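A lone chain, given as structure tokens: the form predicted alone.
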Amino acid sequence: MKKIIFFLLLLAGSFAKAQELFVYTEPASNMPAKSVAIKQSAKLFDQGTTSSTRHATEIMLGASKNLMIHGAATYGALNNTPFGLESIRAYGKYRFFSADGMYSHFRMAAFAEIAHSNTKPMYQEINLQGDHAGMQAGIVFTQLLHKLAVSSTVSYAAINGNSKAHQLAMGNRAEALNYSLSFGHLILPKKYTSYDQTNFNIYAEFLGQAIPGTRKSYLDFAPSIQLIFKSKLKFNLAYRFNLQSSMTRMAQTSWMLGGEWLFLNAFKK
């Protein structure tokens, strides 16, 4: 009987945190320990008379309840270039603070990532998910209030190698401050009764970047919807568009379609 109660509480906790599975940003919460997830996404950039596509494959590992590690590769056909591998990157996040309540919690985490890119940068925007080689480090805060999750991220990014040379040649600095504010709300189920229930979440994310010492910046808004089946299989559909920009970018608008499969207890403790 105790095992059944524990299992139901575990599932309820999983559903309660579903609205933290943001599409464009990572929350301070982590995936379950000893689990593995495979994530696949496709982005379509609207460039007016033309369009570009970028695909990403990511493997995520819950090393412990406080530590997550990601490895990812991007590939695609941008600006009429042949389809091929663009970049690889590694990401790590460590949750260092948790304050849990009955229907709420507050968490903080620090993260860092490094990236290598084969792509020649053509825009002033600094992006480590395909366009530039470099590093990024930051901190994320996430608050869960019953069915609403709010998360904020601040980070510093710097690029190097050929990416830095191209960036400086465009008259832009090779560093940036990134920030985000994300909201997630659990719409369905209204009440948990079964493990087989489908979760439906909606998200609204503000994504920004500023180049220190210049007037170059942008601010995007990205609404999205999400379906989660049996707490393991996730599908995302998002639309991202620009609210303000004073820098050259690949596109002012883009679509993203993605899926993720979670494998619990994927390796021995």
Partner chain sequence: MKKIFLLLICCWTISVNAQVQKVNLQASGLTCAMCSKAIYKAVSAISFVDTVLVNIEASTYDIRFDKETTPKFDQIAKAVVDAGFSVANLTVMVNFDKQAVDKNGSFTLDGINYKLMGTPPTTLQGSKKMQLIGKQYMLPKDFKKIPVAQLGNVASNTYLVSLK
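Residue numbers count along the first chain shown, from 1. Everything numeric here is computed off the predicted structure, so don't read it as measured data.
Form predicted together with its partner chain: not shown, discussed below.
Engineer: Just to confirm, Ser194 within 4.5 Å of its partner chain in the predicted complex by heavy atoms?
Structural biologist: Within the cut-off, so yes.
Engineer: Would you check, heavy atoms only and a 4.5 Å threshold, whether Thr119 touches its partner chain in the predicted complex?
Structural biologist: Thr119: no contact with its partner chain in the predicted complex.
Engineer: I'd like to check something about Lys234: if you look in the predicted complex, is any of its heavy atoms closer than or equal to 4.5 Å to a heavy atom of its partner chain?
Structural biologist: Contact with its partner chain, yes.
Engineer: Consider Val140 of the chain shown here, and say whether it contacts its partner chain in the predicted complex, taking contact as heavy atoms within 4.5 Å.
Structural biologist: Result no; Val140 lies far from its partner chain in the predicted complex.
Engineer: Can you check 226-234, 40-48, 213-221, 240-248 and let me know which stretch has heavy atoms within 4.5 Å of its partner chain in the predicted complex?
Structural biologist: Careful reading of the contacts points to 226-234.
Engineer: Which of these residues, Ser152, Ser104, Asn79, Asn162, gets a heavy atom within 4.5 Å of its partner chain in the predicted complex?
Structural biologist: Looking at Ser152, Ser104, Asn79, Asn162 one by one, just Ser104 meets the 4.5 Å heavy-atom criterion.
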